[in-house]
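Just the one chain here, laid out as structure tokens, in the form predicted alone.
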């Protein structure tokens, strides 16, 4: 079983929910797919960490074979190729490594070469496998790093998705059995909940909602969930103590018996929902 945790924006509590849920689950890995700013490892502090480089493929052109037909340029729907001063030029930042340019070249002038775009690190924390996708600075797409992180282990896992609802998030939840949507009880929180709700609905993923930093009922959010029959699985109250624990890089479920009960109950509920 793989559980993906989403939020429409950063700072909602997605990682807070992910790391604490993984900490109470049994025989479950934690996979941090927030490759641009991964921080789950700060809570787990994994040991015996090893890293592997993540590569993507980039077109390479043989000037001796290229006759300037431009079929590769015409084929590329991402506009990652241009014909400049009599030869093709690739823009690595927007190349999707589809390999199509090498297939359509009639002269066989296009090959592919590896380009490092990030790393995936793996370690252990108290019996919990911790996998972290890390994107190199300046890279445009985290998708290859996320794919590599998800392939790093075939164990049951809690997947800490990137914030938002774009392509990296869709990749992170693509193989999930269940999604948890974390929302704040505010107008901005509701706006961002709408985005991730639309994504999981489009992907036909079963899901439940966690209202984090709840210091009271926010009727518009409750109505949104009721109208769409979107189950609210837990309200996690705003707590200065929990904020201080997290700021110290500690897992809150190891310091609060009440919160541990909340997350154990949440895990049991999600497991039952995913199995049904």
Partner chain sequence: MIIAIPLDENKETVCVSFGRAPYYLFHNTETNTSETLKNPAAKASGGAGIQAAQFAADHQTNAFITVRCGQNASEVLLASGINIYKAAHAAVADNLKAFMEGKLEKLTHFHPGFHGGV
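Remember, it's a predicted structure, so these values are computed and weren't measured experimentally. Residue numbers count along the first chain shown, from 1.
Not on display, but discussed next: the form predicted in complex with its partner chain.
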property	result
Residue contact check: residue 198 to its partner chain in the predicted bound form, 4.5 Å heavy atom	no
Proximity of residue 81 to its partner chain in the predicted bound form, heavy atoms at 4.5 Å	yes
Exercise: residue 70 in contact with its partner chain in the predicted bound form, heavy atom 4.5 Å	yes
Exercise: residue 89 in contact with its partner chain in the predicted bound form, heavy atom 4.5 Å	yes
Option from 112-120, 174-182, 89-97, 187-195 whose residues, in the predicted bound form, bring a heavy atom within 4.5 Å of its partner chain	89-97
Its partner chain in the predicted bound form reached by all of 77, 85 and 167, non-hydrogen atom within 4.5 Å	yes
Position in contact with its partner chain when the complex is considered in the predicted bound form, options 104, 140, 203, 155, heavy atoms within 4.5 Å	140
